[in-house]
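Have a look below at one chain only, the form predicted alone, in structure tokens format.
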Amino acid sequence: MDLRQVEYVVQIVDQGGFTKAAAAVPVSQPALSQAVRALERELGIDLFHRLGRKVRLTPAGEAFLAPARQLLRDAQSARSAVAAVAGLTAGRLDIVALPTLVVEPLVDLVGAFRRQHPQVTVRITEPEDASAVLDLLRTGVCEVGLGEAPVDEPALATDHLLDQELLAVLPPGTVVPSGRRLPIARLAGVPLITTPTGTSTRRLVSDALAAAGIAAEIAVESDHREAIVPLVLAGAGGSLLPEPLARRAEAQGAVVARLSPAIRRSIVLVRRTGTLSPAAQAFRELAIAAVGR
């Protein structure tokens, strides 16, 4: 088994077929097909069901995929380690984060990282579900990620970065107690603008309201987080947002209030245990230094 064969299998899965995989490598499709067949003969089992122009992993292929990704990741780490001697002059960093954590704090962290290492390419993946973040790290698709809670499993490790508070963001002109926290009970009957059911922020808000005995009144549900503040400013309803986003909304005219009891979440950097690539290690050190105090 050689790394080219392993890469071909992963590319076929990621690209959705032999033709697109061959173009992505790039290599001729016959050469790619022959290499995969040779690997299957070596392993003594088919990795793909070949259904005309479509392909699907066999059970053996599914078992092969995660170790294959990690093998490629380890090879990339070895190559990147050589580049690290010259000061991270090449390579790629794959980061996964919940969408609500991309704007804050990931954007600033990636900006700082790119300023320090401008020749390292960064790819950000944004699944909606926290479990998907962990899956992408376990399987080696991404190397570091941002999540909302420490992870207790041998394959993954976490570094606490910061605690983030959610604030009430209300339409212009809303009257709230001056200088005091707004009781969560006051949100009863307030039409809320939020992300769909299943997203991390929606779950956090729903749990907090339920603990206060309040049934959430959802006025607008949007997949587009960037639309939430404009909707609040337009008077469509209120929202609960992380403090950095809430303060930006306040600067645009929204009324912002801290809540009692406070709604907080812990933001952590999640990584695979073991040796990180130089790029991932540099990002981890930067994140801890920047916000992990």
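One rule holds for the numbers: they count along the sequence shown, beginning at 1. Owing to the predicted nature of the structure, the values given are computational and were not obtained by experimental measurement. We call the rigid core the largest set of C-alpha positions that still match within 1.5 Å between the two forms.
There is another form of this protein, the form predicted together with the DNA, and it is not shown here; the text below is about that form.
Among heavy atoms of residue 28, some come within 4.5 Å of the DNA in the predicted complex. Contact annotation: residue 258 falls outside 4.5 Å of the DNA in the predicted complex, judged by heavy atom distances.
Taking non-hydrogen atoms only, residue 55 approaches the DNA to within 4.5 angstroms in the predicted complex. In the predicted complex, the DNA lies within 4.5 Å of some heavy atom of residue 20. Not one of 202, 206 and 265 is positioned with any heavy atom within 4.5 Å of the DNA in the predicted complex. Annotated contact segment (heavy atom within 4.5 Å of the DNA in the predicted complex): 44-52, selected among 221-229, 62-70, 44-52, 242-250. After superposition on the rigid core, displacement of the C-alpha of residue 177 between the shown form and the other one stays below 2 Å. After superposition on the rigid core, displacement of the C-alpha of residue 213 between the shown form and the other one stays below 2 Å. Fitting the two forms on the rigid core leaves the C-alpha of residue 280 displaced by under 2 angstroms between the shown form and the other one. Note on residue 95 and residue 25: their C-alpha atoms are more widely spaced in the predicted complex, a change of at least 3 Å from this conformation.
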